[in-house]
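A single chain, nothing else alongside it, follows as structure tokens in the form predicted alone.
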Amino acid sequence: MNVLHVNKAISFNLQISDIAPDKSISHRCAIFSLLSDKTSIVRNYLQAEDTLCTLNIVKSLGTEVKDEDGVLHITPPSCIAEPPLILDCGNSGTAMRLLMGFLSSCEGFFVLHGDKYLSSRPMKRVAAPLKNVGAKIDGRQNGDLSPICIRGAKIEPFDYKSPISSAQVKSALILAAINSKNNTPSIFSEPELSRDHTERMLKGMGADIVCENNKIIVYPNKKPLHPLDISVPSDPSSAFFFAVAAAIIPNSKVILKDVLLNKTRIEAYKILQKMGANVEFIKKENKYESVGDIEIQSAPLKAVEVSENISWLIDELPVLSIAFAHAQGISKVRNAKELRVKESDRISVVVKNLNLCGIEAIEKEDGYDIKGGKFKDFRVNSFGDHRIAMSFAIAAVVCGGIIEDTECINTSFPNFIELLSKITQVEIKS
């Protein structure tokens, strides 16, 4: 087990151009390439454990993938191959849930599995609505836990009103509908708009999808989609760790280059801005997605209450809690029960670890209260959750600290520790 030792940092002024490529878009590039009949070109694909698992699954389904000087040429098969082996999703819930949707309407038998952490994460939220529209899916605990077994079937047109706002649930249903052989459109709606990469990218590939506020009308493909030709932008969720570092270390500044600026992905920066940090967005291009630079400068922070657009914040809330712990007053998070079904129970783990850091935090059913205070030197566990590991590495820059079980960082942000070492001294011990 790797243990990360992080020393206290002093003020810094950095421009970072090598933030990890966006994880969500990388997953989708691999999977969506299967919807075309021509070669997709993908530049800057995230070379992390999770996304490489997705790429290997696509290969197992018959796709040819060539890497030419860091540019992926992904050529789909004429028909999806039935793999002889289990498809390994690693630690990625995104891969498993999106592939459940896609494969449910493909001819063949498929088994999805993952590591010990993914194997304990709930899949019923995707399996249940898919089974209701004709998918043949099973797994442990009546299809709630992997291994997930899928027998491709005819997907019936649906009008599904999701009780939760989840990009993974939405994407799975869209993929099942768009890949079905029906002539009738399907409708998906959710309480509030969740991250919308799937709709944007598929529309960019020529899919017949109509978006009306929180409702999406999906017409099945009558012909293969156009191939992708995309450069994956930097991941705003990964970049946000260094945004928080700049906000909480006095007299610090960071410029994050070529970051995805989709409005459903920069809500955490808006919250940091509301807390008092100096945040500026500089847009540069807009093809599949809006891309640009984000500049953050330190400032005294004040407490906030967060209860809206939670689906836009779900990945950033752990490290945003570190900013809350430096703010004057009590910050409150509500309507965030979704945090309990991520790589760890992030509500419980954030509160437990903040308490170990000397910060007063109180667990609620759907969030937490965090009172700003002074961090003390600490030792915490990541519980195998990459975002918990990185969040408390950022916490450590103000006081020094030790984080146990940090191999998980490689699932999403392989050069995180390298970038962190530009701010302060770090050491990994086994």
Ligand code: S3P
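Throughout, we count residues from 1 along the sequence that is shown. No experiment lies behind these values; they were computed from the predicted model shown.
Just so you know, the form predicted in complex with this ligand exists too; it's not on screen, but the next bit is about it.
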| property | result |
| --- | --- |
| Position in contact with this ligand when the complex is considered in the predicted complex, options 167, 347, 173, 232, heavy atoms within 4.5 Å | 167 |
| Among the candidates 144, 338, 88, 289, the residue which, in the predicted complex, approaches this ligand to within 4.5 Å (heavy atoms) | 338 |
| Per-stretch contact check against this ligand in the predicted complex, the hit in 22-30, 60-68, 392-400, 364-372 (non-hydrogen atom, 4.5 angstroms) | 22-30 |
| Contact label in the predicted complex: residue 314 to this ligand, heavy atom within 4.5 Å | yes |
| Touches this ligand in the predicted complex: residue 326 (any heavy atom, 4.5 Å) | no |
| Contact of residue 94 with this ligand in the predicted complex (heavy atom, 4.5 Å) | yes |
| Residue 342 within 4.5 Å of this ligand in the predicted complex, heavy atoms | yes |
| Sequence-ordered residues of 180-200 touching this ligand in the predicted complex, heavy atom within 4.5 Å | 195 |
